[in-house]
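First, one chain by itself in structure tokens, the form predicted on its own.
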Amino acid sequence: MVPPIDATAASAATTIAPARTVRDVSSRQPARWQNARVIDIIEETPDAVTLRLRLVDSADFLPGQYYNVRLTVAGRTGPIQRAYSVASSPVPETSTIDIGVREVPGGLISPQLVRGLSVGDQIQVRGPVGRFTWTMEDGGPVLLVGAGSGVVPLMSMVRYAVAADLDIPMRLVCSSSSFDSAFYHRDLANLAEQHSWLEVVHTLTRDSSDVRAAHHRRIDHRMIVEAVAGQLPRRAYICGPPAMVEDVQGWLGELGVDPHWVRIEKYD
């Protein structure tokens, strides 16, 4: 995943700490850089991984937030940092986080993170950061729209809803070039099968024959009309390339979704 360039701002089967609010998180002192140990590397797609990190100093985070990561890069005088969204749930604990990373050809950091790390290695992180967040207090129904690695923070929201044993309706629209390149497509299929409140809609932009996808084109106005049909969302979260984010934000406004409750995060 690449850094955000713009962002706006039930009962449980087990005991769950009260949800933190954006205000709680925003009032904290800025986090310091800390070492995080890689405890697992999960291949999500041929060019993307989940890095499971054990933090030295854990901090409450909200579903949708991200951590900054910095590495020393050959030929550069100082470390380079990028932001990567957390894909895991803050429930039940936050000492371990999953970040989703897709390799950017020619990138300074992502190739090292995707292909150059091993279990036991340490990297430096700082966070959590961001106001692109959803918790049970925000309610629903919820519409999530993500393209490419923009699905990563939305996955944190879905996993949080599962871990907190919520039944708030969620509809997730995922755009990918192909099904095999779609972040978390296996996990999402399993979760949608287990939880009736979750609906996952895939659209593929470069594979017109895969029947596992409901659509085979870029996210467009008609697709968003279908996504809100019969269930106008109370909250909407859009993450991905700027043009897609702005288009969907505009379409939702036209369809009657309160702009105050539409949150966006853009990736370059």
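All figures in this text were calculated on a predicted structure; none of them were measured in a lab. One rule holds for the numbers: they count along the sequence shown, beginning at 1.
Just so it is clear, the following notes concern the form predicted together with a small molecule, a form of the same protein that is not shown.
K.L.:
84, 104 and 111 - do all three of these have some heavy atom no more than 4.5 Å from the small molecule in the predicted bound form?
P.N.:
Yes, all three are in contact.
K.L.:
How about residue 66 - does it come within 4.5 Å of the small molecule in the predicted bound form, if we only consider non-hydrogen atoms?
P.N.:
Flag for residue 66 set to yes.
K.L.:
Give a yes/no on whether residue 145 approaches the small molecule to within 4.5 Å in the predicted bound form, heavy atoms considered.
P.N.:
Heavy-atom contact with the small molecule at 4.5 Å: absent for residue 145.
K.L.:
Within 4.5 Å, heavy atoms only: does residue 149 come near the small molecule in the predicted bound form?
P.N.:
The answer is yes: residue 149 has a heavy atom within 4.5 Å of the small molecule.
K.L.:
Mark residue 90 yes when one of its heavy atoms lies within 4.5 Å of a heavy atom of the small molecule in the predicted bound form, and no otherwise.
P.N.:
No, residue 90 stays farther than 4.5 Å from the small molecule in the predicted bound form.
K.L.:
Exactly one stretch in 115-123, 149-157, 193-201, 171-179 has heavy atoms within 4.5 Å of the small molecule in the predicted bound form; which is it?
P.N.:
That would be 149-157.
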